[in-house]
Each structure stands twice: as structure tokens, then as C-alpha cells.
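Next comes just one chain, in C-alpha cells: the form predicted on its own.
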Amino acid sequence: MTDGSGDPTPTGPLDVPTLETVAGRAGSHPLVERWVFDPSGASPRLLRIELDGNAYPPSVEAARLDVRWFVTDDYSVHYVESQDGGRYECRWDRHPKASAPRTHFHPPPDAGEATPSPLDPHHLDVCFTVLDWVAERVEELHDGP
């Protein structure tokens, strides 16, 4: 199985207890409106963290983080922002990839080609580093170009 780029996808089943921990801790962040397991808590495929739309300028219709954490400590944290009919996105990953280090970042605006990521592999460090990045993104949107 591949992610469409020819690289193997993260291996192993989802680490649901770790996702539950990430969800509970992320819920304490002021930018987090709510979190849900998709499609359900009984059979999750990902943790969806919905971000507070009131924190964003009106041009942003919605923003969320889609989180997958595997028992191998591989992960994918995908930021998706819907704006003016378009999409702004990036992704932090940890998984084997032939053309990038195991821990890498797909930069915005289109989650482009992977670059090395300095993220610590601990799930709460990843969660709060990404949420800090989101807070800076919201500030940039309000400050304008």
C-alpha cells in the first residue's frame, strides 16, 4: 500500500490510546473547538481536531487537523484550511519515505515536497508544536501580507 507517491504508508494499526491522549490535551488549547474520531470512536481511522473558526479572519471558512498515530510511533498530522473556495494545507509526517528523512514536513500552501522536520517524536510535543504553528498561522492571517 502507498500514499500515492510510491512511498510505503505508515505501518501498523492506529494507536488509539495515544490518539485519545492527544485529543484530551489538544482540547485544552484555545484554538481547538472540538475533536472527534472519524468515522467513530468504535472504529477510528483518524482523530479530527476542529479549530475555532472565530479565531480566523472571515476569508477562512474552516480549519482542522487530521491526526493519525500508529503503534510504531509513526504519524501524520495534516493541517487543512478552507478559504475562498480553495485549500491551504501542510503535513507533518513520521514514516519511511525514500526521498526524505523519516520525520519530515510537507510545506504549505499545498503540502508540497517533503523537507526535514525537527519535531521531537513524542506525541504531546508534536501536538503542541503543531498547535503553536497554527497559532502563528492565525496571527499571520490577521496581520495580512
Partner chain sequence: MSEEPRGPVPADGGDARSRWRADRTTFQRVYDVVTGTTEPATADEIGDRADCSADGARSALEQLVEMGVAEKRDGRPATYRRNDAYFRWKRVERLAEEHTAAELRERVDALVEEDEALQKRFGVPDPDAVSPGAFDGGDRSAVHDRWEALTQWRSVRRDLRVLQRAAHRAAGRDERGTRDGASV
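Positions refer to the first chain, counted from 1. The structure displayed is predicted, hence computed values, not measured ones.
From this point on, the text means the form predicted in complex with the partner chain, which you will not see here.
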Selected contact from 80, 36, 119, 55, since only one has a non-hydrogen atom within 4.5 angstroms of the partner chain in the predicted bound form | 55
Please run the contact check for residue 23 against the partner chain in the predicted bound form: heavy atoms, 4.5 angstroms, yes or no?
-> no
Classify residue 70 as contacting or not contacting the partner chain in the predicted bound form by the rule of any non-hydrogen atom within 4.5 angstroms, answering yes or no.
-> yes
Is there any non-hydrogen atom of residue 115 lying within 4.5 Å of the partner chain in the predicted bound form?
-> no
Give a yes or no for residue 44: in the predicted bound form, does one of its heavy atoms lie within 4.5 Å of a heavy atom belonging to the partner chain?
-> yes
Would you mind checking 107-131 for residues with a heavy atom within 4.5 Å of the partner chain in the predicted bound form?
-> 111, 112, 113, 120, 122, 123, 124, 125, 128, 131
